[in-house]
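Coming up is one lone chain in structure tokens, specifically the form predicted alone.
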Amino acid sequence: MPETPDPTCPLPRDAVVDRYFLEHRAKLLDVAAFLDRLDRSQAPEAADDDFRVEAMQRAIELLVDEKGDRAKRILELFSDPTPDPIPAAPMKGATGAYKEPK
């Protein structure tokens, strides 16, 4: 069971479940469908080396580790931890996960 933090949500637990369960159930099904799609893709083992898939797999581990502050820790996992801006973007748009330089 996760450590119980000081209550900062004004709603009781059952009201949080009533209000948000269906929304988050759908998001969880989206993640499951994405992982299933990867498994069914051509050469699915190629995705194992993709830094975005690795980050998602590590994020899923954080979801179930019962240590709290999940959103913060997952956001940090996906974020660039370096303090300096990069000289140029490697591509147009964001990748959604931090790729460590080799």
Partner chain sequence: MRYIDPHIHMVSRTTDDYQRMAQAGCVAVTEPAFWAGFDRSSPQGFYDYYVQLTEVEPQRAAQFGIKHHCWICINPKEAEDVGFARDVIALIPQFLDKPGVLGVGEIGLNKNSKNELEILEAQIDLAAKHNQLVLVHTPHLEDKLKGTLLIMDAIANDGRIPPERVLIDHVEEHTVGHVLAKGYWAGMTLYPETKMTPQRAADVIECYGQERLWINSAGDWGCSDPLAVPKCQQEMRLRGHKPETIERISYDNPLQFLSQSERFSIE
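Quick caveat, the model's predicted, so the values are computed rather than measured. Residue numbers count along the first chain shown, from 1. Only the largest set of C-alpha atoms that superpose within 1.5 Å between the two forms is called the rigid core.
This protein has a second form, the form predicted in complex with its partner chain, left out of what is shown; the following refers to that one.
The three marked residues, Ala26, Val31 and Ala55, fail to reach its partner chain in the model of the complex, with no heavy atom of any inside 4.5 Å. The closest non-hydrogen atom of Lys72 lies within 4.5 Å of its partner chain in the model of the complex.
Contact check for Asp18: every heavy atom lies farther than 4.5 Å from its partner chain in the model of the complex. Although the partner is absent here, Asp14 lies well away from its partner chain in the model of the complex, with no heavy atom inside 4.5 Å. By the criterion of a heavy atom within 4.5 Å, Ala89 is counted among the residues contacting its partner chain in the model of the complex.
Taking its partner chain as it sits in the model of the complex, the stretch 28-43 never comes within 4.5 angstroms of it through any non-hydrogen atom. Once the rigid core is overlaid between this form and the one not shown, Leu11 does not reach a Cα shift of 2 Å, moving by less than that.
In the core-superposed comparison between this form and the one not shown, the C-alpha atom of Asp84 has shifted by at least 2 angstroms.
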